[in-house]
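The chain below stands alone, shown as structure tokens; this is the form predicted alone.
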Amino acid sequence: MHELSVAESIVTIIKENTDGGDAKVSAVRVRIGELAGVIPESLEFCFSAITAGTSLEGSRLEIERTAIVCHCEACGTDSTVNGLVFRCPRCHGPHITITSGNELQVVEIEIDD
């Protein structure tokens, strides 16, 4: 299960940035792109499972999904890709560069005072 290793990495990032994880973390915000191959519900389940019985138990995992965005080399347009058709939605050209949608980032750790 890919999501379990992602959840473990999130916990490692939290510990590295909060004095070993001893701070009371109320929420963790992550940004996950549509191309990252992560199922949000599975990630939430894995995060809850591995934080149970630890100082992170009860922390909310807040997931922000990002769309697939491409830049067309031919017409210079930045567009959202719908589905998995990787052509420019404007000119239908095949020469595009993916500029967003493959993110997998911890963007914020919220700590209670």
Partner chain sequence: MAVVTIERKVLQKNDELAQENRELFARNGTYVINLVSSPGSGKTSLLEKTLAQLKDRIKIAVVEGDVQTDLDAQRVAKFDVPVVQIVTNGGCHLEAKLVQDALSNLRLEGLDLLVIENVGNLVCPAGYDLGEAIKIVVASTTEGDDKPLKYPAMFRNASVLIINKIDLVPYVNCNLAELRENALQINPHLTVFETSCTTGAGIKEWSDWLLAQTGKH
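Keep in mind that what you see is a predicted model, and the values were worked out from it rather than measured. Positions refer to the first chain, counted from 1.
From this point on, the text means the form predicted in complex with its partner chain, which you will not see here.
- Using a 4.5 Å cut-off to its partner chain in the predicted complex, each of 5, 10 and 86 places a heavy atom inside that distance.
- Of the listed positions (35, 50, 63, 72), a single one reaches within 4.5 angstroms of its partner chain by any non-hydrogen atom in the predicted complex, namely 35.
- In the predicted complex, residue 98 approaches its partner chain with a heavy atom inside 4.5 Å.
- For the stretch 78 to 113, the set of residues having any non-hydrogen atom within 4.5 angstroms of its partner chain in the predicted complex comprises 83, 84, 85, 86, 87, 94, 95, 96, 98, 104, 105, 106, 107, 108, 109, 110, 111, 112, 113, in sequence order.
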